[in-house]
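Only one chain is given next, in structure tokens, and it is the form predicted on its own.
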């Protein structure tokens, strides 16, 4: 009896195992081998079209008729425009090839810069009046080599770490620059102390929410004083592919696109920050580039690859300035006389009118 019971128990699972492959359809396999079924099933998982997406978008797949019609007309219109543009290019190319040297010059694309509204204060290099004014202004002593620049850099009250690091990096860019903490002193008390100690510039970096957002640049002892908005500040550690820290050599200064009388004043203000004679051995250059009244500052180093090829490597920091006001004399927030003030609603009426 015991033997019979064991035999019955062994027969029951064998019947269940044999029934499992019968439930599965066998359209692709004639043999009833279980191992063949397990191996071939994974190979045909990717075969149905349900799991594969179309390689390109087709308008016919949109089920909504109105939406499908709108998309079809839009694609048809874009295709027609592209064909017309290419046909026009081919036609112009054939005409230029036929005319040869007599072909007209190519059209210059219209930009905001070349469509700029003419400013009456645009400086002519040969203007005698401008030359006389620049020879007698506040920066004439520097350009006549009577003074050497000496800059004091300070911050607003209780500066944060990012602002302090920004000031320290500016001190490495500008030769003979010294960083001092404010200690809660008013600028009217700081300015006489700077003049007594022989400083020619006072630079104040303001911050908001731990981020530098303003700069007051005061030329000593007679002014002028410029107030800038600071944005897009990038310190050296935040820059990719930057070079090694700058050396103590005096850099070259490049002032680009300062064309109006106000722009010339800003250019002379920035130029007087640096010594007269740059040390070309250091291969360092500081650039103030004006574009649409935004002044972009960059600090680079030349890299001579061979006798003909030269590359540049940015050293940092980098930031962007926007002039807010220009005041005569030293800083005086109450009784100061302003030469120019940014009036947002008046100056931003036309996008093609610039002040610098």
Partner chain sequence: MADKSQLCSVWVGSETGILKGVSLSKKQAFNFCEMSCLSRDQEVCVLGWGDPQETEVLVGSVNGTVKTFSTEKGIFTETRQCGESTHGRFTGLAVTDRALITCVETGLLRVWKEGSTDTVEINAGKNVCRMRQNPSQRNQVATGGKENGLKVWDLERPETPIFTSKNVRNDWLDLRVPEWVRDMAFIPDSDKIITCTGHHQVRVYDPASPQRRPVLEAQFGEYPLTALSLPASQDSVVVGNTHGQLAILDLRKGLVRGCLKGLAGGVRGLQCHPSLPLVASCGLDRFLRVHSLEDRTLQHKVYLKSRLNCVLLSSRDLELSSTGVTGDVEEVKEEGGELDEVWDTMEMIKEKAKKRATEEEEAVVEEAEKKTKKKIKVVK
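Numbering follows the first chain given and starts at 1. Predicted, not measured: the structure shown is a model, and the values here were computed from it.
There is another form of this protein, the form predicted in complex with its partner chain, and it is not shown here; the text below is about that form.
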item	value
Joint contact, 155, 168 and 270 to its partner chain in the model of the complex, by non-hydrogen atom at 4.5 Å	no
148, 247, 232, 121 - the one with a heavy atom within 4.5 Å of its partner chain in the model of the complex	121
Partner-contacting position among 68, 322, 289, 328 - heavy atom within 4.5 Å of its partner chain in the model of the complex	328
Partner contact for residue 138 in the model of the complex: its partner chain, 4.5 angstroms, heavy atom	yes
Contact flag, residue 116 vs its partner chain in the model of the complex, heavy atom cut 4.5 Å	no
Its partner chain contact in the model of the complex: residue 132, any heavy atom under 4.5 Å	yes
Exercise: residue 127 in contact with its partner chain in the model of the complex, heavy atom 4.5 Å	yes
Heavy atom within 4.5 Å of its partner chain in the model of the complex - qualifying residues of 260-278	261
